[in-house]
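For reference, the chain that follows is the form predicted on its own, supplied as structure tokens.
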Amino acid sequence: MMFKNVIVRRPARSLIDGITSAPELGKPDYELAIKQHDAYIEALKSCGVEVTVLPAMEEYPDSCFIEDDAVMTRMGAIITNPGAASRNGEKEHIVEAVRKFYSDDKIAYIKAPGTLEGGDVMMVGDHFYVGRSARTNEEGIRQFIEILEGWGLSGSEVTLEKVLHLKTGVNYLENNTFLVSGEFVEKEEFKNAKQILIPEDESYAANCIWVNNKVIVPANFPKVAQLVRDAGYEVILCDTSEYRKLDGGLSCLSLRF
């Protein structure tokens, strides 16, 4: 599947007050975060996609992590129901942008008590792996898979033990090839896949994104960059240091479809 469109949302100044599990990394530098976001957009454009840039939302410090607000498939879009209370309202603000690409009959919604965040969803062709996490619950997964099956797609649950989101530790490139780290190396779901094993000291960089035969890799993780090159891909380096301070990575910052 080749991507044609990407949606991103500009970081708000309130970004510095976003959710984090790693306060020891310090608060993000807003000005640097903006420069990194600019570079991210340019990296995406270099992969041959049209990028829609949505305005910042100061009331939602984490709203630049737009991947959590929706899941875009070839058959339709699913508006999520984020499990983080401070982020739950973000879903109301993504619908207008999604409607520019999908008609209302091709937009579905995860409803309470179900919760689901897009960072827990990994698309592999027409199958979607969904991580059950602190942010995505059993009912959210049930609804999600029901919607997929109604569109002729499929989904399956992956239980998470340590990571925040599924794609924190495993990401799909193409041709049954996955970047895997930590707990995912031994997961039954990925045992028969071609695995690119991420070194423990560069585990953050498991979160790379494949976009039209190129792979965007976090800057400053040379081992992972070389592993991806060795797998035959053109690598684009993109610094996400300020987003890492908020548990965010490359995939979190966009919706790709």
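Note that residue numbering follows the sequence shown and begins at 1. Quick caveat, the model's predicted, so the values are computed rather than measured.
What comes next is about the form predicted together with a small molecule, which is not displayed.
Practice prompt. Would you mind picking the one in Ile145, Ile107, Leu173, Leu164 that has a heavy atom within 4.5 Å of the small molecule in the predicted complex?
Written response: Only one listed residue qualifies here, and that residue is Leu164.
Worksheet entry | Site test, Pro11, Asp29 and Glu242 vs the small molecule in the predicted complex, non-hydrogen atom cutoff 4.5 Å | Negative, none of the three is within 4.5 Å.
Item to complete: Check whether Cys252 has any heavy atom within 4.5 Å of a heavy atom of the small molecule in the predicted complex, and answer yes or no.
Response: It does: once the small molecule is placed as it appears in the predicted complex, Cys252 has a heavy atom within 4.5 Å of it.
Practice prompt. Report whether the minimum heavy atom distance between Arg132 and the small molecule in the predicted complex is within 4.5 Å.
Written response: No, Arg132 sits far enough from the small molecule in the predicted complex that none of its heavy atoms falls within 4.5 Å.
Worksheet item: Does Leu25 make contact with the small molecule in the predicted complex, using a 4.5 Å heavy atom cut-off?
Response: Result no; Leu25 lies far from the small molecule in the predicted complex.
Worksheet item: Gly119: heavy atom within 4.5 Å of the small molecule in the predicted complex?
Response: Residue-level check for Gly119: yes, a contact with the small molecule.
Practice prompt. Work out which of the listed stretches, 32-40, 57-65, 211-219, 197-205, brings a heavy atom within 4.5 angstroms of the small molecule in the predicted complex.
Written response: Among the listed stretches, the partner-contacting one is 57-65.
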